[in-house]
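In the block that follows, a single chain appears as structure tokens, in the form predicted on its own.
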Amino acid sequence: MMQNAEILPATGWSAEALREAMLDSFSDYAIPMQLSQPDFDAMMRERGLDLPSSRVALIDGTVAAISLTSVRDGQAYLISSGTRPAYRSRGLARAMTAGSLAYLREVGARSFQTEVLRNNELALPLYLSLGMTKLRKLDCYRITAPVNMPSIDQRVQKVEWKDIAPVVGQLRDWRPSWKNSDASIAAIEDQFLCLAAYDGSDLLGYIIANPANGAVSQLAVRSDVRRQGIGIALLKALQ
């Protein structure tokens, strides 16, 4: 049960304080998280941190828990929610999320979403109890670079994200997750590598990834030219 905790908007705390609380909260998380301050700042820019809708739980002057959210075009997203080990089992996550939801309703947000690891047996029941529903399952894949690099398909070239962003939606029949959305990429596009495959001036497919960590944010091929090796050519060129 929550005791002696004050739930406040995150507007009064620095990025350094929020990062420190986040790292401590995720110190025993299933996926290790060791973000430098520049990496944390980039992550928050990418996902669109909105401090007024975000919440911190304050106990005896210490930030005991954080709930960091984003708001874009009437849609809201929970970037990260965590409680420091010493303050768990006090209902802080529920209280913070409830506070954020109340604020988001006031400002007219129409939806609220997040991603949860399938084996996170604490977070998932909490979000379901708050009225959220499962929309889809996301899979992650790891691709090992080949020992002998193949020749690069001449149709593939390096491009600027801003030059293809207006048309990439025409190649997709799937919706990117929040952190891989067009808006998230545009927020830190200088940190991404974007490759595109062309037939003359016709865009056949594209791939965009962060060279710093090797994460692919988007890969799409135009529906009428799929199963012709374009996706593989893009992956090989990226590797």
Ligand SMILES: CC(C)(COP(=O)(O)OP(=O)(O)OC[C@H]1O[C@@H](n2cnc3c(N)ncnc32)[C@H](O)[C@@H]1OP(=O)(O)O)[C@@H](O)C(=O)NCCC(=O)NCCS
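Numbers for residues come from their place in the sequence shown, where the first is 1. Since the structure is predicted, the reported quantities are computational estimates derived from the model, not experimental observations.
The same protein also exists as the form predicted together with the named molecule; that form is not shown, yet it is the one meant from here on.
Going by a heavy atom distance of 4.5 Å, is Y198 a contact of the named molecule in the model of the complex?
Heavy-atom contact with the named molecule at 4.5 Å: absent for Y198.
Verify the contact flag for Q113: yes if a non-hydrogen atom of it lies within 4.5 Å of a non-hydrogen atom of the named molecule in the model of the complex, no if not.
Answer no; every heavy atom of Q113 is more than 4.5 Å from the named molecule in the model of the complex.
Taking the named molecule as it sits in the model of the complex, is A123 in contact with it (heavy atom to heavy atom, 4.5 Å or less)?
A123: contacts the named molecule in the model of the complex.
A76: heavy atom within 4.5 Å of the named molecule in the model of the complex?
Contact check for A76: no, nothing within 4.5 Å of the named molecule in the model of the complex.
Partner-proximal stretch of 28 to 36, 173 to 181, 189 to 197, 210 to 218 relative to the named molecule in the model of the complex, 4.5 angstroms, heavy atom:
It is the stretch 28 to 36.
So which of T144, S89, Q154, T133 gets a non-hydrogen atom within 4.5 Å of the named molecule in the model of the complex?
Looking at T144, S89, Q154, T133 one by one, just S89 meets the 4.5 Å heavy-atom criterion.
Go through 63 to 85 residue by residue and record those having a heavy atom within 4.5 Å of the named molecule in the model of the complex; state none if no residue qualifies.
Going through 63 to 85 in order - heavy atoms within 4.5 Å of the named molecule in the model of the complex - the hits are S81, G82, T83.
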